[in-house]
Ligand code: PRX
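The chain below stands alone, shown as structure tokens; this is the form predicted alone.
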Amino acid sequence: MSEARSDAPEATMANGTVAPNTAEMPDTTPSSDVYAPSDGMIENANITAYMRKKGFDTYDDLYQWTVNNPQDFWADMAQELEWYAPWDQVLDESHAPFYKWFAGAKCNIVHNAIDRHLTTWRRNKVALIWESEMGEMRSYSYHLLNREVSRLANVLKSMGVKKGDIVTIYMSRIPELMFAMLACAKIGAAHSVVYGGFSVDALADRINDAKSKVLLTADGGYMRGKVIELKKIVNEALQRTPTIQTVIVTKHTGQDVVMETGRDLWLHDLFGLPIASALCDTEPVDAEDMLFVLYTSGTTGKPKGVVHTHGGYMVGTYTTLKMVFDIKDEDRYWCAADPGWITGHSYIVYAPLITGATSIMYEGAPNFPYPDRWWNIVSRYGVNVMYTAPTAIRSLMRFGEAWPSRHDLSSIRLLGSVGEPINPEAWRWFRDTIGASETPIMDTWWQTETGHFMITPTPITPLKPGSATRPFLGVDVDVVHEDGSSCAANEDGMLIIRKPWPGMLRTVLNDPDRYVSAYWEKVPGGVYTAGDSARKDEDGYIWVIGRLDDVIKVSGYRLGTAEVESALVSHSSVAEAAAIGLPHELKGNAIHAFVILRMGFEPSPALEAELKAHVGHEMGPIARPEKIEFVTFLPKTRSGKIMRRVLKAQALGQDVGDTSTLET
């Protein structure tokens, strides 16, 4: 619990009342400080312009109108974009919870991300600035971006990729990953991006579920000066996948790789052929046609393929980036995530391009070769808006203020946080050290499933460190008990969303029943259950606490306990395993595993190290356990379910609570 500061500025809350001096505020949340936006920020914000356009005097009045009239608000936003054919209905609720947004409309997200800029001055504006930790740099105007995407789109068509197919992409953080995503969307195919840090099993499982015929990858990627052998992982994964017919490989790191004749092709060789024309028409698609599938860990062993579509996702991501990060034409924007996660899909690839922004993409670690790598990039490129994760912030905090102080960070006017709740200490360090004690932090809560920001400040919102503040325009969020009734102020409950929103997932790939049961049936009333616990304070600010289910969030990435346990049990020495997340200073949570060995195997430090490496090989380094404890017994219910909450309570020295359902 943070100590209240008596010197914090007085601020007007979103409901129009003046927040009391923080020394007098009840200490019921992780932080009770309130930071008011500057007059200049309020005056010049995009959201202020929209508020004035609609004739509202306060943000709270605007928000209330958007929640009461969400279809009018989202239609307003949609009309700022271009459509091949208009919609018949903004929202079709006839088959809830299988909602349809902008029903009947024809569009393509690539038309708004690239094509429409080519007839304006933005044609020659820089769309992407890319840099590798190894020193390589490239930049692409919107014109050049269009050429690269069109060439790859034509290559995909020549390989038989057609509308409705799902193409798997497995690359490091390089421009070709962006080109591949856009090329798929341009021709009406869907993409399934698998994070380049995932390993063999994770890649194979996702290919099999998507039934992909074509895989796009690279020979390797870079991280901390080392080569990630992507093609080697691909070769092993494809031994477990029957559907892949063609693998297109980008030469990036240059090391020798095994290329299978008749299946594997170099992209640069294909680009030298007539098939790789720079002219390719963008395919009109239905607003509800699938844009991509992105896999998110669940509480069972099988990851969920979350499906997003062109129209609503396009409107939702564009609107939130414009309003929350206040993107202006002169800005240089950097989302320091990976395109392989939803943050990268929405706020590296699609939304920045739709807004016509200039974006930075960096391949590598934030502290390689020195802890000022990020701050060097901010200074050299004049980054105005930076969006990253609490894990990265905490890791850079360890090195103190000396490293960022070497660089001119005065260009920064907005900072952002994503992936998990940010602790107040890290929030203040980020604001004070990187943002010169005056830059607002947009602490955003959202999910792979939601597609775009759901709870977030805007540049005109008074901020409380550790809170994502209030729901975005048109988004109706609440904290409730299991029976669906609203919790009292500062009472822990379940985070829900009461009404549909444009960027929402449409289904779980190949499993619509799972979509309904996982998201729409856990709380009465036909509401979306986020799976997070939260509380709402007396100002209506939301404080997200953590996951309700058996998912571990490591460095902002969601990993299913079942996936980790399955990887452990696949080792010849392991009979049973359980995985939990325990608090970690840098990662937010770290994986701790409990293992029962098979007969004939004995616990040892060497075996612990071997099992850690095995999980890293099977799932990727992000899933490598911090600690493995060898046990002879795991607490289970009488039905055989491992009681992970008991293991977690024991590990933290807490009361284990009711154990009446445990087998004895």
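The model shown is predicted, which means the values in this text are computed figures rather than measured ones. The numbering used is simple: start at 1 and walk along the sequence shown.
What comes next is about the form predicted in complex with this ligand, which is not displayed.
Distance criterion of 4.5 Å from any heavy atom to this ligand in the predicted complex singles out 421 from the list 459, 188, 421, 500. A single residue from the set 117, 373, 547, 322 has any heavy atom within 4.5 angstroms of this ligand in the predicted complex; that residue is 547. Partner proximity in the predicted complex, defined as non-hydrogen atoms within 4.5 angstroms of this ligand, places exactly one of 336-344, 270-278, 284-292, 151-159 at the interface: 336-344.
Of the heavy atoms in residue 571, none are within 4.5 Å of this ligand in the predicted complex. Although the partner is absent here, residue 443 is a contact residue: one of its heavy atoms lies within 4.5 angstroms of this ligand in the predicted complex.
Interface residue remark: residue 205 is not counted as part of the site for this ligand in the predicted complex, having no heavy atom within 4.5 Å. Proximity of residue 447 to this ligand in the predicted complex: non-hydrogen atoms within 4.5 Å are present. Taking a 4.5 Å heavy atom cutoff to this ligand in the predicted complex, none of the residues in 486-520 make contact.
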